[in-house]
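First comes one chain, alone, set out as structure tokens in the form predicted on its own.
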């Protein structure tokens, strides 16, 4: 059974989001948050990725000993981090498939072995 989250029209969420990001990349900055980020450039996008990464780390600390609300906050912050990471990839003419392919390549490989291979 496929448990990949999908949109109401059964498109996998990451594929649908990649399409929206591509469409909005060239929209008017006043009409789209994504277009505004692209218009402001890579440094602004990276600033948002860093901000969301920090917020995700803080939410994780709260979730460690927190309850359902703290765990949901962590999920929300992680979604923000992923979203802004996808905007970053889009700005560089890349998308989630590049990341998924890299994860697939690493699948079944020891993390220690994978890290050692990168250091060579």
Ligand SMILES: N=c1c2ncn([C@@H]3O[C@H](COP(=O)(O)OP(=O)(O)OP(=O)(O)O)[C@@H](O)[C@H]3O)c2ncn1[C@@H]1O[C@H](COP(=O)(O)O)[C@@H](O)[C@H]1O
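Residue numbers count along the first chain shown, from 1. No experiment lies behind these values; they were computed from the predicted model shown.
Below, we refer to the form predicted in complex with this ligand, which is not included among the displayed structures.
Contact here is defined as any heavy atom lying within 4.5 Å of this ligand in the predicted bound form, and by that definition not a single one of 19, 39 and 88 is a contact residue. When contacts are judged by a 4.5 Å heavy atom cut-off, residue 51 counts as touching this ligand in the predicted bound form. This ligand in the predicted bound form is approached by residue 35, whose closest heavy atom lies within 4.5 angstroms of it.
Proximity of residue 61 to this ligand in the predicted bound form: non-hydrogen atoms within 4.5 Å are absent; the residue sits far from the partner. Taking non-hydrogen atoms only, residue 80 approaches this ligand to within 4.5 angstroms in the predicted bound form.
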